[in-house]
Each structure stands twice: as C-alpha cells, then as structure tokens.
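This document starts with one chain, in the form predicted on its own, laid out as structure tokens.
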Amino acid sequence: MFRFRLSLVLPLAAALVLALWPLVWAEADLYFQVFGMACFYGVLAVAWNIYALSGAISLGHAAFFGLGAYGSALMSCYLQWSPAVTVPLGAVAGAAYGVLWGLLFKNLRGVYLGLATLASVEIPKVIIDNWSSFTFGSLGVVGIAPLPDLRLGGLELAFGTSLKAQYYLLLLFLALAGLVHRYSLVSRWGWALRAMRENETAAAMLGVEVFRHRLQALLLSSYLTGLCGALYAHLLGLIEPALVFSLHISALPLVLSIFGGRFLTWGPILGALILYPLDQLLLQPQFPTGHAALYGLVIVLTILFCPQGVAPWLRKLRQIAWN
C-alpha cells in the first residue's frame, strides 16, 4: 500500500502545480495560453493513444478533429445554438466518421492501415473545401461564437475572453481524458486491447471480440478528438479546411504519445506538457522558422535511445530514489 501511494506522489504533485501556479502569477497571459494549449494537445495525444492501444496506428486523426470543428461551428452559425450544446453534438460528426473507418478498414493492418487513415483525411477536407454554399469553402467560417461564461455564485469564469479561465477549462478536460485513458489501460476492456496489440490471433482464440473492441476504441478516440476540434473552433473563433484538417493535427499526438510513453496512464500527457511549452517558450523565440524541427528530432532520438518513452524511464528513476 505504501509503495502504491508513493507511485501517486509525482502525478498528484504535478496536478497540484498545474492547478495552483496561476494563483501565484495572476497576470501571465502568455503562459496561460501556452500551458492551456499543452493541456489541449495532451487530450489529443490521449485520444490518439486509446486507438493505438488496440495495435492500430492512425495517421489521420485530423479527420475527426476537422469534422468536430466544422460540426460545432456550422451548428453555431446556422442554428444559433450555444457552444455548450454544439461542442458535444459537433464531436458526433467525428465519431460517425470513426465508425465508417472501423467498417471500411477492419481488415487492414500495419502500413496499409496507416496509409488508408492518412488518405481518408482528404475526403472530408475536399468536400468541405468545395461545398461553398454550406461550409463557406476555402474562406472558412469566421465569427464563431465564443465559449459561454460560467457563473458559480459570486465566481464568474469568462471562458470566451479570459485566458486563465480557458486554461482551467482545458486542464479539467485533460484530467477527465486522463481518467478515460487510465480506464483504457487497467480495465478488463483495456486488457483486451492489450491482448489484441500483442497477438491478435491469440486474443481472438481466448474469446476477445477483436472487431468489436477495436471499434469501441476507435469510437472513443474519434469522439474525444472531435471534442477537441469543436472546442478549438470556439476558442479560436475561426476555422478553415487547411487549418483543421492539417497533417500537423494528425502527427503531433503521435509524437507526444511516443515521447511520453504510450503504455503508462500519464505518458502522453507528460509528452504534451514537456514538448509543447519547450517548443513555444524556448525554441520558437530563438528559431521562428525552424522550431517545429524539434518534433522530428524528438521522434528520432526517442526511437533510438528511449523506445518506451520518457515516462517509464522517470518511473525507474523514482523507484531507484525510493529504494
């Protein structure tokens, strides 16, 4: 029990730091924005990794992100509904495309699945880009309604205008996504995903329904990614096809998950909280046109020297320190 509690010390300490540091630096808009987006990309990394836990590697999660963004933005534009309604409903568009993936790609594995998912991003992108009468085409959607304010007694959280409030919203979103990720790792369903990843044929012989479990993982992953896209649309206030269906959206969660550690609860989250602030706060000011090379370098170094990611390495260091 004592060792179990020690295993929670670092995650809980990190959570407390993330929750309390804005109370010390009340006026730090740049840091609120950067660490808020780090939490945002942490959710994207978690969403991507839930599907990858089943042994499937996606290069096309930008499709779910873009559909979630456009689903929420267009409902807000045409129906004048509150983002509190359009964000969860808009994410359904991404989940629906995920179901289509699951049905069409059920027999694909490995590189063929990766290429199919990568190519599938272009389908909704081209449709939205050319359906100008409904989606506004390549001009994009502008003037998207901001997130509504929340009042709790005397406390007002202005999610539409306050970067600090947005930071806490995204931190809460990250915490919830982390709980979902933990369930995907330690539950009976999660063990079924692990079995599929290790040996799909053996898992099927043991009674694991491979297609159903992988489809469930994809559905959960695509809905979470769609939620991220829907939130992004209202946080930014404008979207266009090239922005929300970009390769960057598909590749970055993969990089963050691999760097942090795909098989630990907080691995993808750690990757996001380390790499994104490092890129935005240290490298971008020094190398404005080449800072994105960090992510390519990280992948190469991680694969060569730390293939399980940095989270397992940090856990070993912690165990050595406790002993």
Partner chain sequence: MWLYAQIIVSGFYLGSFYALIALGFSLIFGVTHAFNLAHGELIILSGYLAYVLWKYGQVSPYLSIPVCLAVMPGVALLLHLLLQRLKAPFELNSLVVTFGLALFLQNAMLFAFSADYRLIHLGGSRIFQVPGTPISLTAGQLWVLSLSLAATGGVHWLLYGTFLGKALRAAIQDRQAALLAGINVTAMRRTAFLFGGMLIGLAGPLYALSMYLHPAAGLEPTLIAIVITIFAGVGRTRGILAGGWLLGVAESLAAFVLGTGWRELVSAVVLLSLLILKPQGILLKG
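Remember, it's a predicted structure, so these values are computed and weren't measured experimentally. Residue numbers count along the first chain shown, from 1. In this text, the rigid core denotes the largest set of C-alpha atoms whose superposition between the two forms falls within 1.5 Å.
Heads up, the form predicted in complex with the partner chain isn't pictured, but that's what we're talking about next.
The stretch that touches the partner chain in the predicted bound form, counting heavy atoms within 4.5 Å, is 285-293, out of 28-36, 285-293, 66-74, 266-274. Using a 4.5 angstroms threshold between heavy atoms, residue 57 counts as touching the partner chain in the predicted bound form.
Mapping the unseen interface onto this chain, residue 110 counts among the residues with a heavy atom inside 4.5 Å of the partner chain in the predicted bound form. With a 4.5 Å cutoff on heavy atoms, residue 136 does not count as touching the partner chain in the predicted bound form; it lies far away.
Although the partner is absent here, residue 248 sits close enough that one of its heavy atoms falls within 4.5 Å of the partner chain in the predicted bound form. Put simply, of 118, 150, 92, 238 only one has a heavy atom within 4.5 Å of the partner chain in the predicted bound form, and it is 118. This chain is displayed alone, yet in the predicted bound form one of 179, 84, 172, 127 has a heavy atom within 4.5 Å of the partner chain; that residue is 127. Taking the partner chain as it sits in the predicted bound form, the stretch 291-306 comes within 4.5 angstroms of it through a non-hydrogen atom at 292, 293, 295, 296, 297, 299, 300, 303, 304, 305.
A displacement of 2 angstroms or greater separates the C-alpha positions of residue 287 between the shown form and the other one, with the rigid core held in common. Once the rigid core is used as the reference frame, the Cα position of residue 303 differs between the shown form and the other one by 2 Å or more.
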